[in-house]
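The chain below stands alone and is given as structure tokens, in the form predicted alone.
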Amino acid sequence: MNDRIPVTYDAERGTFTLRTANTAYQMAVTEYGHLLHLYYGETLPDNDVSYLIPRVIRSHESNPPEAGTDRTYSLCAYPQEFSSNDAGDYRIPSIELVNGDGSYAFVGKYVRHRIYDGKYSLDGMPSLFANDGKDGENVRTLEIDLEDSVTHVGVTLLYGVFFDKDVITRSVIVRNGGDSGIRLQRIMSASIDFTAGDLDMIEFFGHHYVERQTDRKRVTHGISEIGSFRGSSGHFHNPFAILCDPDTTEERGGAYGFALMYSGNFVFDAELDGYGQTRAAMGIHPKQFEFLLEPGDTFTAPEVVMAYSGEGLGKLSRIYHDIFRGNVCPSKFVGQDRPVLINSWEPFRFTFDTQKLLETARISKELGADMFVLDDGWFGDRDSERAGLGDWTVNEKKLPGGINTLADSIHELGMKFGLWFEPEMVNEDSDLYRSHPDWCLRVPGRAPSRSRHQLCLDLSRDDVCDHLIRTVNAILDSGKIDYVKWDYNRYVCDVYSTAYPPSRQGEIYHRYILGLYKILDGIISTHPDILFEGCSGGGGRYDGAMLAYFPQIWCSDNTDAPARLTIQYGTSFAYPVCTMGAHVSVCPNKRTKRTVPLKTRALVAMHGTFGYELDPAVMTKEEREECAEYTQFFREHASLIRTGDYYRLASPYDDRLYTAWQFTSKDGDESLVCAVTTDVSTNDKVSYVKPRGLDKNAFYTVRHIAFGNDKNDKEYTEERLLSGAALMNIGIMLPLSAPQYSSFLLFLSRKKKA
């Protein structure tokens, strides 16, 4: 048996086996045509582990008619690959629909399958792609057709197996093969049944300014659910979840990850039944979702990216980091070190002119910034949040000569130029709204809900999408623009589109997201030389699908360094550091009023794309010189931060005294270790940071990186030579006398053999 074959089918046993470098996934077709889930976990050489299915009588449970008198065959007790509905399985279903005759039943049975090289793609939605053999990738697709023999409604289960990346993707296509319309009310992109029920669930919750906080809890009997019903993946819950063994840590134990490639309403359910089995399901949130499928129509569900690690949560994160860095976004900027930018919002808000902008850009060069970004206020009558949004024409009272003139002037300074947009929203005080009030989402007969004085444009309409593609492209083509910040500053509500009849209003949430992807395709794909950064009031729409368009996403509007420790910690469980927009901001911080040393603010911002969110004109000469040091250091090590393996060394939740993290090059030769003291007390215990991922038999030169006043302290200039074993088992002592929010940066380099 060739263990490097990603997909195999054993016709005699009716088993499908998916293999990656370190995992196996197996399912089987029963004698009655049901597709059962058998196993997902560490690699197995076995072709058939169906003995795991208990053939016992579950009293008071239903048995399908084809099983006859066999009371041991019960769908409610069997682990299914795609669960049925209204057919004796009372757990959360993979699909819910209303058939043409008004019934709700769906029982999908195996019809056929296909196996082919490469990776499937999804119509109108982002998904992982294969790199055509690049870097030794070994990718294969399995498609399995199930059909209900009565209604002729069918589903195609899609599996993409990335052998070398240890990732399996799943999606579903629903097709109406019958002769009357059906109403699809629930479709889960992935459902998986675990015969064991002793699991923890880790979710990432929060709100604006406090995104992706971690919460770990036991999966108890009943349904544990997370999700978003805000029209976007949202600040409050992220479309990523982990199921793991109760004793799983960063370095040990089993962990399963589920990441939904979708930017709209989503749900993740985990149900522990009375028999100690757990069913997990992920997909579009079913609330206010109903899609009409006429005969012959199909519906494509978004993709779920699944991964398993038997070596703890840290290994699981590194699997996701590698796949999201290499197989999501086609932008050339994914493989490049990013520019260090400074944004105009903090100095000016809406009040600026060309002279002020150019002077700020000149001063920002002293910080080492190489890109100047003009934020909100450059278009229409945009002098506040109340007006002008939607009118994407340059306000030449502020910017004589338009974007082209300003962009040329910025480039003459030796800097790149970036621009802010919020295309999905509109003010009522705008020419666009006055011309097309019907282009907004708005329930007939009701006044709309406003957020930040904005309404949501109806992206389910082709005319709206085409208008936005045309107008934004016109601005991008008017001058040398190197960067775009794409913002989205409210949630969707008042969901009703005048372009669709009442019977199809349940489709609008999903059609909005499809329209968004259409717009992004129509703008970003036609401007491959522009770096696009996503933003949604900070990190309110931080998901795998957005990463297909944006190589980086503004992680949070909260730039307070201690607050960012928890935000960036939680984000790192799924998303690589190179995708996290992070900047140095002023102190006292405008959100928290906290004062933190400049060095700490800089090191926390290096846990991301790095840049500045402040007014350089009010900084002292010494502060600007110090920032130039940080910028230079980041540039020197940007590739290591962008591509290296990432380790969470100390949690901001569990380790009271400090938070620490590490970047290690793929070859293990270099490593950066960062730590921030988060609490202090008199005569406290000694803290030791223990790096990971080193060669225990190698020796490493350990050097404290000194900046500014640090250079006068011997402790920050002394080098040590320590073995990988000593570093990983004993660690490096942090100074006892360090004040709160001090930070430390260590550079480890492998000593070459003589």
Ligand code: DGJ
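Numbers for residues come from their place in the sequence shown, where the first is 1. Keep in mind that what you see is a predicted model, and the values were worked out from it rather than measured.
Another form exists, predicted together with the named molecule; not displayed. Remarks below refer to it.
- Exactly one of 626, 375, 269, 560 has a non-hydrogen atom within 4.5 Å of the named molecule in the predicted complex; which residue is it? Selected option: 375.
- Message: Give me the residue from 250, 96, 89, 487 that has a heavy atom within 4.5 Å of the named molecule in the predicted complex.
- Response: That would be 487.
- Message: So, residue 420 and the named molecule: in the predicted complex, are they within 4.5 Å at any heavy atom pair?
- Response: Output for residue 420 is yes: heavy atoms within 4.5 Å of the named molecule.
- Item | 4.5 Å heavy atom contact, residue 352 to the named molecule in the predicted complex | Output for residue 352 is no: heavy atoms all beyond 4.5 Å of the named molecule.
- Message: Using a 4.5 angstroms cut-off on non-hydrogen atoms, would residue 535 count as touching the named molecule in the predicted complex?
- Response: Close contact exists here: in the predicted complex, residue 535 approaches the named molecule to within 4.5 Å, heavy atoms only.
- Message: Given that the named molecule is not shown alongside this chain, does residue 159 nevertheless sit within 4.5 Å of it in the predicted complex, heavy atom to heavy atom?
- Response: Output for residue 159 is no: heavy atoms all beyond 4.5 Å of the named molecule.
- Mind telling me which stretch in 285-293, 443-451, 401-409, 552-560 gets its heavy atoms within 4.5 Å of the named molecule in the predicted complex? Heavy atoms within 4.5 Å of the named molecule in the predicted complex occur in 552-560.
- Message: Within 4.5 Å of the named molecule in the predicted complex, counting any non-hydrogen atom, which residues from 324-351 show up?
- Response: The stretch touches the partner through 345 alone.
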